[in-house]
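Heads up, the chain below is alone and in the form predicted on its own; it's given as structure tokens.
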């Protein structure tokens, strides 16, 4: 078999687009992207993307698996949905980007130290302790994630926002003592575990 044919066979065997379609939420829509760039032009973070959505979709179709799954681009999405509203083909871009991030996380190859990913994990761990998010502990954990000095500096920079939240009763210092949780925490954990089992089975992580 010629080198050209060998390469063609390898591309077929390593069809990343098919992998995305089977394992990523709304992944079957990727092939519908017509590369117009409206999504990145509509995104508040547009100038800061390493790879804007349409480029990510093009890379998927080109089989650039490692580059896509190791990118921090999917973690930049803030779920503003501007891209979905303005996409000429109504692609569920937000869902696809979050789905790619989740898939990379499940595979253990998501970028390390990515701020959005770190906050998502902090939020999840906080919620799982009592079934509700303790906003005071979440805020403190977020500010002091890089040490005391960095935490104090960030907290001072956000003091006006913090005071506003205190006045609006969105932050309660008393929650540092523990805060309220769900009555049936065991049932909540069982529900989450079952949902994860169903999702893993659906995506092929569990036989």
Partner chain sequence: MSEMKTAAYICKGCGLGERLDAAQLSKVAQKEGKANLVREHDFLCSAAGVQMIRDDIEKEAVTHVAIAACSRRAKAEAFWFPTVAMARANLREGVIWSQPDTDEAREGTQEMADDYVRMACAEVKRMKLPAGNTETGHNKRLLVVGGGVSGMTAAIEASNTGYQVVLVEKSGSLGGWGARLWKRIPFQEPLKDPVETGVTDMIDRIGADPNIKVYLNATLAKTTGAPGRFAAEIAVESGSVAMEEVGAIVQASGFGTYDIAELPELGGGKSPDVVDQAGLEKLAVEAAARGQPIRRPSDGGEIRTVAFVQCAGQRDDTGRHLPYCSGFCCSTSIKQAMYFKDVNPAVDTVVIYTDLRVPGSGEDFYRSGQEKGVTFTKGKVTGVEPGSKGCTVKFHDLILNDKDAAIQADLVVLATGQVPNSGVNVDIPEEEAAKMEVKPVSILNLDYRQGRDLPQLRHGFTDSHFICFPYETRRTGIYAAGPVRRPMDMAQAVEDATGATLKAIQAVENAELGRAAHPRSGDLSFPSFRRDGCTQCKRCTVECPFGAIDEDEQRYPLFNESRCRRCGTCMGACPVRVISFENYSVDTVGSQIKAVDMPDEFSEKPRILLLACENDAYPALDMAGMNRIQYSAFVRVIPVRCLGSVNTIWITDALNSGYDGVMLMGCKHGDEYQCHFVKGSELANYRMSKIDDTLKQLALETERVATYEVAITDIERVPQLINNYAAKINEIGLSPLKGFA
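Residue numbers count along the first chain shown, from 1. Being a predicted model, the structure only gives us computed values, none of them experimental.
Beyond what is shown, the protein has a form predicted together with the partner chain; the following relates to that form.
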property: Close approach of residue 69 to the partner chain in the predicted bound form, 4.5 Å, heavy atom; result: no
property: In the predicted bound form, residue 43 touching the partner chain (heavy atom, 4.5 Å); result: no
property: Exercise: residue 139 in contact with the partner chain in the predicted bound form, heavy atom 4.5 Å; result: no
property: Residue 32 within 4.5 Å of the partner chain in the predicted bound form, heavy atoms; result: yes
property: Listed range touching the partner chain, judged in the predicted bound form by heavy atoms within 4.5 Å, from 47-55, 155-163, 177-185, 140-148; result: 47-55
property: Listed residue (89, 121, 130, 106) with a non-hydrogen atom within 4.5 angstroms of the partner chain in the predicted bound form; result: 89
property: Neighbours of the partner chain in the predicted bound form among 54-79 [non-hydrogen atom within 4.5 angstroms]; result: 54, 55, 58, 59, 61, 62, 64
